[in-house]
Each structure stands twice: as structure tokens, then as C-alpha cells.
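Only one chain is given next, in C-alpha cells, and it is the form predicted alone.
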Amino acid sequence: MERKSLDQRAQMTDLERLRHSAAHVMATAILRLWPDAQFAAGPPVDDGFYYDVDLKHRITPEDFPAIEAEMKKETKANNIFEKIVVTREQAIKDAESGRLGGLSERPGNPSKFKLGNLEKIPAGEEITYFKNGDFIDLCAGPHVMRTGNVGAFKLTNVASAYYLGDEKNPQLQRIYGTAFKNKTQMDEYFAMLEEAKKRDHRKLGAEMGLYVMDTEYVGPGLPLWLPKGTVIVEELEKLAKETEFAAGYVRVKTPHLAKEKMYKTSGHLPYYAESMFPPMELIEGDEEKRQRELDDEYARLGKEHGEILGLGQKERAARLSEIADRLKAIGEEMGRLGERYYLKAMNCPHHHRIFAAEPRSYRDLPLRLAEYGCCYRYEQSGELFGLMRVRSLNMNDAHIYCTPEQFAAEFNAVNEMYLKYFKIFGFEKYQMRFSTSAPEGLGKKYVDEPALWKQTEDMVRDVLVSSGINYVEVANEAAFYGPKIDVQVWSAIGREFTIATNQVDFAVPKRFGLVYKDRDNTEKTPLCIHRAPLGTHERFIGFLIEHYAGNFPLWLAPEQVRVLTLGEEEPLLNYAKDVVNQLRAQQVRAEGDYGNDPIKAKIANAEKAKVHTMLVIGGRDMEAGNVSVRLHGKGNVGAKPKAEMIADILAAIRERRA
């Protein structure tokens, strides 16, 4: 984990401070049980905290009760978290003596990890320790006031981790836990985790037949969408196309790969190369002919190399030198032949080339280019996780090219689109995470344009404030080319997800030479807004599966309606099939179960398949021109006239009712 700056630490929430303090309480407990332990870092994380420890004893979950018992002693003691400011020289001395990350009364071995941590602290930054009871450690804070403020805690897991995340460094034990203000909040959290297990998109995705990962033939992280899953994909794409058409977007289509020059110009190479698939070499046309000629010459020279052994020493040496020089020249020329192509890792460079394909005027702006583009990213195998982290991504992407004067309205319209989607999907809790740059990162992590950073960050902030959107501001997490917004939503059971991003780009359009003629007939570079409100099919559907627990609303359900018959008489079957046919004629995903199974079995099968609406038809329903309606998970809702029910179904789908 990257070390937090002092500004980031100052923005830590109360819960993060509490969990950071809980990590120190845990370290205190571990040292009392195993005094030879050495600690590296112990930060708060999204769901709790951890501490990396070097210890001969292999900690297992069986050790957790003993550690937690010692932690309770420390919280009961209610020791103050005392901040101590020291010089760098004093910190180095204490680390070498073993005082840091140990019990102050019992100095241990030299704290090699603390010496490494000290090197990460920028020159001029204040160096501090935090002491609670008899435990003292190098730490920039912040913490709660006392150990007793760590109300409720529980250790959850133990794993391995390399020091500073570098596999060349020692492997440490990483002990995870979580903490809350009180036991009630902690119990609610673990109840949510239990519910999350039931809603796991990998489990439900398999049970519902939505997608499959074929690692043997296709590869890890490359999902195959089955028919029912494809229904959801296409419904989301239909929603996006309708919404974007109404908002003035135009659709484009781009290929799945491009030349190396594309990504060098955009700046993604070499900086993003680790997340891209390796390049493909392609030689064609005259270059292919030249390659064959060079291959033939190389073979001839190799043959001649064996034939000159009978020459005199001086003549042989001269000829060998000539052959060596020529072989080197052949190798260099062959290295220049051909082109490198990369699988597309992002759509934006392709859209920039579409903008550049025609002369543009201020009258053409804003230009909103939209595409559900398929991208490929080489996620590390250990980071792949169901649909949430994959290697092929179908992205709800668009790029808006606009003037500075148009920016506020365009950026606000994108945010309004997010809010519309939140309402459709029933997301009640959301937050925009506004990520800005940091001055020390300019020219390294970020494009070195301080004036443009300030201008665009101010513009984004003004839009967020004026529109009243719920947001938090986070420093030093922007994209390399401009400020961004990560869209955080909470599922029905309270789990937080990042589902989309919204980014401002003032740098890359300039690299591609994108210009428009302004009113004064001068050429200017447009601003570009990158936005993907529905993220990718893969991640968004993974989130929706867990949000709805697989119980999708009618418009999104893979099987929307199933007609179930009570009997096998021909008139009854004809009546039921007519209902199915009328629905399917209106593009409703309707099926019929006309077999001789008992109605209870038919209902159970439909419930298991999570069919949204079941229409049960018996003799009385047929005679009255009705259907008996049953909704998944809700039971019977009564009989309705057939025409009225079909109209209700069509209206619910058309309006995308939740």
C-alpha cells in the first residue's frame, strides 16, 4: 500500500482513525504473546485494518482468541495514544536499537523494517512516534484519544505479504481485523457479510446460468456470456443507447487493436504497459519481401562462415569481421521491419482519432462520441475476481469534446445522467469521490501543467458544489491527465462498490493535435470529458447480481414471464399458448410450462429460476378471460383480465420500473 501523505491522513474519517488505532492495539497484544515480533506497517483499509509482522511463530486463526484477549486488556487499560515528535537521527538510532515496533521496556532486535519505513518519509516532514501503554511505534497517525475508544474488534484473516509489496523483500505475515465504535455496529457488519455470501455474484451467476469462465480453452478473466446473461448485457446497452441518444450523443465503433504509435502518443506507453497485453508483431507487403531477402542473406553468410576456415589467418580474420558487421546490420534492419500492435486497453485514443478525422469548428462542439467498446487489460492472475476484475471489458464509454465555456454544463449533464441511472436501479446511497492531483507528483505521476490542474480542478469542484451532489474530495488520486470522479454506490445490503468513473482530460487531446476553429478563427484544443456511467458490463452486472440477489426487476430479468397451466386440456393449452405468443410478439421474454407436473412443482421450478412473473392458468381463469398472477418471492397477487395484465407487463418493462 502506498504511504499516505500528511494531507491524506488529515482527511481520514473517524472510523479510519479508530481502525488505525485498533491495529496498534493488535500489535501490542501480539508483542505480549511473542516478544520477538517485528512490525512493518499497520494501516486502516476499506473493511478494517492489518499489521505486517515478521515472526518465527506462524500465526493461525487458532491464535486469534488469545490475541483478542490481550487486545481487550489493552482497551480496558484505556491508555492514551501519545504523540512524540523526534528528529530523523533519533528515529534511526531507535530503529537500530530495536525500540520501535516493540515494547519500550524490552527492546528487541534492530527494527530493519522501521529503517526502511523511515526512508519513505520525505525530507522535511515531521517524524513522530505514537505510544500506547508499553508499545511504541514509528507512526504519523492519526489515532483516537485512548485505546478504550476502540469499542469493538475482531480478527478476521491471516495472509502473506512482501515487505513494501516487493517480492525481492522478506515475506511477512499480514494479520487482518476489523473494528467499530460499538458491538452493535460490528454485529451488523458481520450479518451483512453473511448476506453477501448468499448474494455472491460468482455463486448466483453459476446457479442462474448467466456466464462462465472457461480457463482451459478461453483463459482466466475472459467471461463467456451465456444466453441469460447476454439478455442483461443487451438490456443495459439498450438503456445506455436510449439515454445517450436523448442526450445528444452520437455512436461510433472502433477496432480492438491499434499500432504502438497510438498508445505512445496518448502517453499510455510506457507508463501503462504492465496493464496491457504484450504487443503483436506484424510484417506485411514490401517489408515482408525484404524480411525474406534478409533471411536468405543471413543463411548464406552462415554457410560462408563455415567455408572460410581454410583461408589464411589474416584473410580469414578480415572476412570474419566483414561477416560479423553485416550480420549486425541485418539484425538491426530486421528490428526496424514491421509494426507493433496492441490490444485496446482503453477507448479514448481511438475516439481522439475520430475527432481528428474531420475539421472541427466551435459550432460542432460539444461533440459527444459514445461506444460500448471492448477493451483488454492484463490484470494479474491473483487479482482476478469473478466479474469484478476481468481481462476483457465491455465499457459504457463516451468522450465529450467541448470548449471551456461549455464544460460546466456538460459535466453537470453527465452527473445528472448518473442520478437518473441511480433512480432506475434503486441505488439510494451514493457518493462522488473527487480525486485531485498533488504538487509533488507533477511531472512524475501527473502531467506537469500546474495552471491547467488548478483550472480544471476548480471547474469540477464548482460544478459539484453548485449542483448539490454528495461528494468527498481526495488528494493525490487523479488520473495522470486530469482530475477524476469515482462513483461509489452502496448495494441493498450496504456493501460499497466503485461502479464508474468520470474524468477530465486537458493533456491527451493536445498530444494528438486535436483542434477546433474558434469564433476568432484561431485553433484551440478542446477539453475532453471521459465518462462511463454504467462502467463495464462485467463489473456492473456483477454488482447488480449482488444488489438484487439475482432477483432482477421485470425489465432486466433474463426470463420475464412464465405461463403455468393447471391441466392439459387442449382449450386450456391453446389459451395459455396464446398468452405467451401475445407477450413474445411484444418482445417480452416469456416461456410456457405446459407439462403434467403438479402446479406446486411448476411454481417451485419458476421460483428457483428467479422468473419475475408467473401467470397461473386454470379452467376458471380461461372461462373468465383471466390469468392468476404470482410474483417471484412475493407470492400470489390475485387474478387479472388477460389484456389488462399484458398491458401492465408492457408498461412496467417500457418504464423500467424497479
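Throughout, we count residues from 1 along the sequence that is shown. No experiment lies behind these values; they were computed from the predicted model shown. Whichever C-alpha set is largest while still superposing within 1.5 Å between the two forms counts as the rigid core.
Keep in mind the form predicted in complex with the RNA is missing from the figure; the text below concerns it.
Novice: Does Pro35 reach the RNA in the predicted bound form if we count a contact as any heavy atom within 4.5 Å?
Specialist: Taking the distances in the predicted bound form, the answer for Pro35 is no, it never comes within 4.5 Å of the RNA.
Novice: Does the RNA come within 4.5 Å of any heavy atom of Ser275 in the predicted bound form?
Specialist: Flag for Ser275 set to yes.
Novice: Heavy atoms within 4.5 Å of the RNA in the predicted bound form: does Glu70 have any?
Specialist: Outside the cut-off, so no.
Novice: Heavy atoms within 4.5 Å of the RNA in the predicted bound form: does Met145 have any?
Specialist: Looking in the predicted bound form, residue contacts with the RNA do not include Met145, since no heavy atom lies within 4.5 Å.
Novice: Only one of 462-470, 362-370, 379-387, 234-242 gets a heavy atom within 4.5 Å of the RNA in the predicted bound form; which is it?
Specialist: So the stretch in question is 379-387.
Novice: Quick one: of Leu155, Val447, Met346, Ala95, which gets a non-hydrogen atom within 4.5 angstroms of the RNA in the predicted bound form?
Specialist: Comparing distances to the RNA in the predicted bound form, the residue within 4.5 Å is Met346.
Novice: Can you pick out, from Ala318, Ala159, Ala357, Ala299, the residue that has a heavy atom within 4.5 Å of the RNA in the predicted bound form?
Specialist: For this set of options, the contacting one is Ala159.
Novice: Given a 4.5 Å distance limit between heavy atoms, list every residue of 162-179 close to the RNA in the predicted bound form, or none if there are none.
Specialist: Residues within 4.5 Å: Tyr162, Gly165, Glu167, Gln171, Arg174, Tyr176.
Novice: So, superposing on the core, is the move of Val45 at the CA at least 2 angstroms between the shown form and the other one?
Specialist: Superposed on the core, Val45 moves its C-alpha 2 Å or more between the shown form and the other one.
Novice: Checking Ala590 here: with the core superposed, does its CA move 2 Å or more between the shown form and the other one?
Specialist: The answer is no; the displacement is under 2 Å.
Novice: Please state whether Arg58 has a C-alpha shift of 2 Å or more between the shown form and the other one, with the rigid core used for the fit.
Specialist: Yes, because once the rigid core is superposed, the C-alpha of Arg58 moves 2 Å or more between the shown form and the other one.
Novice: Kindly indicate if, in the predicted bound form, the C-alpha atoms of Ser392 and Asp47 are closer or farther apart than in the structure shown, bearing in mind the change is 3 Å or more.
Specialist: Farther: Ser392 and Asp47 separate by 3 Å or more in the predicted bound form.
Novice: Since the CA distance of Phe385 and Arg495 differs by 3 Å or more in the predicted bound form, is it closer or farther than in the form displayed?
Specialist: Nearer in the predicted bound form, by 3 Å or more.
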